[in-house]
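In the form predicted alone, a lone chain appears below as structure tokens.
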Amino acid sequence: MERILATYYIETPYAPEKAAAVLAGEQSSGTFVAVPGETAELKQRFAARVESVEVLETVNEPAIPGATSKDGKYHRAIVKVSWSIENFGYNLPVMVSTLQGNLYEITQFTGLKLMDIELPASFGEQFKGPAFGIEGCRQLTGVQGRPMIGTIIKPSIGLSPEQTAAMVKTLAEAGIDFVKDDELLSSSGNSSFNDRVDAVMNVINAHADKTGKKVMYAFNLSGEVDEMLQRYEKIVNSGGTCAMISINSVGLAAAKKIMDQRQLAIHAHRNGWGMLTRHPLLGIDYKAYQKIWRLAGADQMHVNGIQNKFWESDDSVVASIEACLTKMFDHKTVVPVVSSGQWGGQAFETYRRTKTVDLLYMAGGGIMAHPMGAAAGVVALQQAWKAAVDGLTLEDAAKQYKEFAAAVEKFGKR
């Protein structure tokens, strides 16, 4: 029988082997005490197995509250545990409850983080993965050979549908590839979802009729399931190509229901991600996280950005991009969405570190606050990426391109 293998980074005041055994028991057939019916045959079939324990360093202070060490020592280790897929079949919510459930509350641990998941081949057959992925999104936007350039409507909330549409018109005429709602806006007092779709798609469809290029707009349809399905249909009937879901707040099963429709590219926004991963010894690593959402059908996934405005290190961002671009079964490959305090200046380091243009490169203020206007902000980003790929330095690019030079003058001194 096929098994799923999960890798954890743990900290414990106990012997790591004993703590790992508690995790395996608690998350499968066992509990804190032997119970009637927990036969050897049952455990053979359904018990989780500790596959390996790699002991790392010992520290003197616990990472998070838990059992108190008698000798003042807390041991860290990499632990691998496996489960038979008989335990949960192809049910993603129950799989997540098994791999990420009550184990975080087990007192034996003063630190526990899910680092990776290895899935058996049958998962690649059971789940379809992204409907569009990199190539599909490139076809929808008409972009080849460079990153797709995108922006976020700012202010995040408060603009009317007409104001939003006017901004999209300016951006479309400047050559933007992608625009999205902010995660704070789905349907507000002065911008109902349907009215915003009508106003924005009138602009996008008119621009496509005139130029042949259809801008991808990710409408934030996050809400209750029935409401999201109605909004999805509205986007499709209006000629849209993308929908955005705040995946952590909507939830796995509800988000997958929308992803299963497979008519629109799904922009999976991970807002709330810091709550799940910011502590180095609590939560889930992005390598494991993105695998779950790729199974569900996300086409585009946020990875933060180089020299971002948040807490995440450049090394972590690069690792997240590499995780997204790693082939998973025969599924289409998810688009890494680079964002957070981005402008053209980070294109050079992003390309140097990743050597890829298979990205959706998002700049909100980096476009909307450009000193020569939003249209110049789009051009400056395109110039920056061309220069980075061509091997120019930031300084040389600023000498060659006036829009990018203006961006350097404003954003480069932050």
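In this text the structure is predicted, and so the values were computed from the model without any measurement. Heads up: residue numbers just count along the shown sequence, starting at 1.
The same protein also exists as the form predicted together with a small molecule; that form is not shown, yet it is the one meant from here on.
Chemist: So in the model of the complex, does any heavy atom of Gly341 sit within 4.5 Å of the small molecule?
Modeler: So Gly341 counts as contacting the small molecule.
Chemist: Although the partner isn't part of this model, could you tell me whether Asp182 comes within 4.5 Å of the small molecule in the model of the complex, counting any heavy atom of the residue?
Modeler: Yes, Asp182 sits close enough to the small molecule in the model of the complex that at least one of its heavy atoms falls within 4.5 Å.
Chemist: I'd like to check something about Ala347: if you look in the model of the complex, is any of its heavy atoms closer than or equal to 4.5 Å to a heavy atom of the small molecule?
Modeler: The answer is no: Ala347 has no heavy atom within 4.5 Å of the small molecule.
Chemist: With the partner left out here, check for me: in the model of the complex, does some heavy atom of Lys154 sit within 4.5 Å of the small molecule?
Modeler: Lys154 belongs to the contact set for the small molecule.
Chemist: Which one, Lys332, Arg196, His302, Lys256, lies within 4.5 Å of the small molecule in the model of the complex by heavy atoms?
Modeler: If I apply the 4.5 Å criterion carefully, the residue I get is His302.
Chemist: Counting any non-hydrogen atom inside 4.5 Å, which residue from Arg231, Arg270, Lys113, Lys291 sits next to the small molecule in the model of the complex?
Modeler: That would be Arg270.
Chemist: Only one of 376-384, 360-368, 64-72, 43-51 gets a heavy atom within 4.5 Å of the small molecule in the model of the complex; which is it?
Modeler: Heavy atoms within 4.5 Å of the small molecule in the model of the complex occur in 360-368.
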